[in-house]
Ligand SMILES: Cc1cc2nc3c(=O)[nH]c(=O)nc-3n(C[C@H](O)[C@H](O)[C@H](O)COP(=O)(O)O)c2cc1C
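Before any questions on how it binds or moves, here is one chain, the form predicted alone, in structure tokens.
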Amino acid sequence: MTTDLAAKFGIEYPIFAFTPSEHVAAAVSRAGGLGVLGCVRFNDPEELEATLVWMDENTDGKPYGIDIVMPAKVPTEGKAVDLESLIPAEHRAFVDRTLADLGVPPLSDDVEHSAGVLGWLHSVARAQVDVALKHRPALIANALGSPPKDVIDEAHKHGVPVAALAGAVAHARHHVENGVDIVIAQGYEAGGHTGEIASMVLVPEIVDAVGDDAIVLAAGGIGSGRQIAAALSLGASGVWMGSYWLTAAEYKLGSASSEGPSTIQKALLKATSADTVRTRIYSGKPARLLKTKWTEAWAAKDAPDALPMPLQNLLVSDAHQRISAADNPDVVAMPAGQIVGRMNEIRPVADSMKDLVDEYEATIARLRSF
């Protein structure tokens, strides 16, 4: 599976793994891919600094990347309290009523409540970039499209390429015009924020549209060596995989306990490829989530429409924290792609990487035999 892109990044395989878990990201990098740490959960620059120090020390000198969330139309100034007044009372009442109906208890008094919206602000994302550039990231990716031009320029000044997700050809062209180096063509099947075009159609469209002006990674619905082979045959130079790593044995956030499957992993393990839904209830922008009683409640006739970003994120932030603490797999609020149907066991990253590579090689050998 060695490619020019892998050689460019100093990795064995062109497998880029997005994950909010530094433990998974480090394990992917050690196993020959490029672990990309999702930074949206780091409201505190000092916490991110400590985590990147840990990454530096636990990746055996191998490269890793970071992923930020820098939406184009979020105020760079302003505090959560200012935004609170924009959330309708009926939306708050609906969330409270739904949590009660689902039996989700309030947080205990000794638990600090999530700040929610902070991780989605330009100012926080910029601070994350500043912290990261003091370390050795091999890539900075933005989950919501092109970062501002000055952020791209600053990354390039440090010799760090920039990637941006795209759900349509127009997005990809815009990214290239802004100076983005890698376009991640993310199909409809993907978890999290995603567009409306399936990967089989989107990837070759974007490859043709950007030509030699940018590298293209394929994302969405990739969870096997056969699918990696398909992505490369569509013209992509590598793959971007996210949901696939949620059932990794190493998956945990920070110093949280990792004994046995987490509540979220229990929900993922029993899900099929039909058990996801694309909705705006997570952040205000369309995102694919695991289908649970929480998503079903928002789809009911009496449910209000989701608020625009970042108000929806602020509205449900405390609810997500309560749901996470409730230890009920039937109620989780979790982004997940349609590839969840293949995520049927908890496995170490190294084992999963070996299977991806072995199946890729077997697929190429089978095609050559035709």
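We number the residues from 1 along the sequence you see. The model shown is predicted, which means the values in this text are computed figures rather than measured ones.
The next section is about a form of this same protein that is not shown, the form predicted in complex with this ligand.
Even though this ligand is not shown here, does Val40 get within 4.5 Å of it in the model of the complex, heavy atoms only? Yes - in the model of the complex, heavy atoms of Val40 and this ligand come within 4.5 Å of each other.
Can you check whether Pro329 is within 4.5 Å of this ligand in the model of the complex, heavy atom basis? Close contact is absent here: in the model of the complex, Pro329 is far from this ligand, nothing within 4.5 Å, heavy atoms only.
Could you confirm whether Tyr360 comes within 4.5 Å of this ligand in the model of the complex, counting heavy atoms only? Close contact is absent here: in the model of the complex, Tyr360 is far from this ligand, nothing within 4.5 Å, heavy atoms only.
Can any non-hydrogen atom of Tyr13 be found within 4.5 angstroms of this ligand in the model of the complex? No, Tyr13 is distant from the partner.
Counting any heavy atom within 4.5 Å as contact, can you tell me which stretch out of 62-70, 319-327, 300-308, 24-32 lines this ligand in the model of the complex? Residues of 62-70 come within 4.5 Å of the partner.
Of Leu48, Ile339, Met55, Leu315, which residue is found within 4.5 angstroms of this ligand in the model of the complex when only non-hydrogen atoms are counted? Here the answer is residue option Ile339.
Under the 4.5 Å heavy atom criterion, name the residues of 212-247 that approach this ligand in the model of the complex, in sequence order. Sequence-ordered list: Ala219, Gly220, Gly221, Ile222, Trp240, Met241, Gly242, Ser243, Leu246.
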